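Starting off, we have a lone chain in the form predicted on its own, written out as structure tokens.
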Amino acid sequence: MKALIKERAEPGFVLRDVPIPAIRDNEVLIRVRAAGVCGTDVHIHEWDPWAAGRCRPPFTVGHEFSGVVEQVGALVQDVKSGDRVTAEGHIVCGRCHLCRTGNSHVCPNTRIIGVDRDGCFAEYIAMPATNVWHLDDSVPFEIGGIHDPMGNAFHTALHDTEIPGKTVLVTGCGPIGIFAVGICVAAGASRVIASDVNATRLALARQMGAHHAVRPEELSVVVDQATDGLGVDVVLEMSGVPSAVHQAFAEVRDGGRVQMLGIPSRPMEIDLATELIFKGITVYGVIGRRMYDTWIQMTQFLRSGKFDPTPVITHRFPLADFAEAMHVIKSGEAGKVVFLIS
């Protein structure tokens, strides 16, 4: 099969012919139809310090995908050949304290496909059957192939928050932030404000239903006008940019909530007293998707017809055009990029 390989500890990928993976008794073999391209894949392609410290080439890249089950292991009972599926790309141990208390999304033994083991930028991938998620027939493969980042957005927007009727600020309009805009609109937010420095991404946020999509320097005035000076009820911080993090704490109302998905590239200083404690706010750190209540939420929202992520997908490429896909993402002029593989 064809697979996109991180062959060496240096910048770049290579497209290679490699053996189709063999499956274990508890696994399924999936023919990949669509695969989302993520900023993590760009980090691995560029071989930045994070990738160099985490990844061990050679391996197949990619962690967002959908496809059709081709073969099932002897112990698999709830997945069959021909099923249309996607999968949770975080493979957890299932036995640690966190897994056994419903918090497997923070399992310390997590291995991620396309990062710690072979991934999905290939014609086939082997996955544990427990990680497989069935797709409704109405869900196109390209939408199935972006359930991973959509799940991050659902987790950020909906975990322990009451969105109906609330004012929500989304700081950072990368694909996950733009998904979050649409989720909050579908969930009944009274006002959704999006902030970013990139005009293309602000336009996509408007397309997904943002009532206001503005640059950071305009944000304070817009929030004041939308909330009568109170501040927003909920902030979804999606950028990891220090200035945006400080804005998140400044624009949330006293007693409000800040959900933090964005990852700063380096340590940053926060005034805990004035930015958090004296305002009485709640801060929640988001990692991955909750297994599997986030997946249930995604399925239910897609079935409702009120949330359609299609506008966020701006570019589609065959696997052979991976260099162009990397270029488009780095340019900042893309929403979500998807490989159409078979």
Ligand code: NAD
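Start at 1 with the first residue shown and count on from there. Since the structure is predicted, the reported quantities are computational estimates derived from the model, not experimental observations.
As for the form predicted together with this ligand, it is not shown, yet the points below apply to it.
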item: Candidate stretches 53-61, 26-34, 284-292, 269-277 - the one whose heavy atoms come within 4.5 Å of this ligand in the predicted bound form; value: 284-292
item: This ligand contact at T167 in the predicted bound form, heavy atom, 4.5 Å; value: no
item: Contact test in the predicted bound form: A213 vs this ligand, heavy atoms, 4.5 Å; value: no
item: Touches this ligand in the predicted bound form: G144 (any heavy atom, 4.5 Å); value: no
item: Partner contact for G182 in the predicted bound form: this ligand, 4.5 angstroms, heavy atom; value: no
item: Listed residue (A250, I263, V106, L75) with a non-hydrogen atom within 4.5 angstroms of this ligand in the predicted bound form; value: I263
item: S81, S243, S190, S220 - the one with a heavy atom within 4.5 Å of this ligand in the predicted bound form; value: S243
item: Residues of stretch 169-187 in contact with this ligand in the predicted bound form (4.5 Å, non-hydrogen atom); value: T171, G172, C173, G174, P175, I176, G177
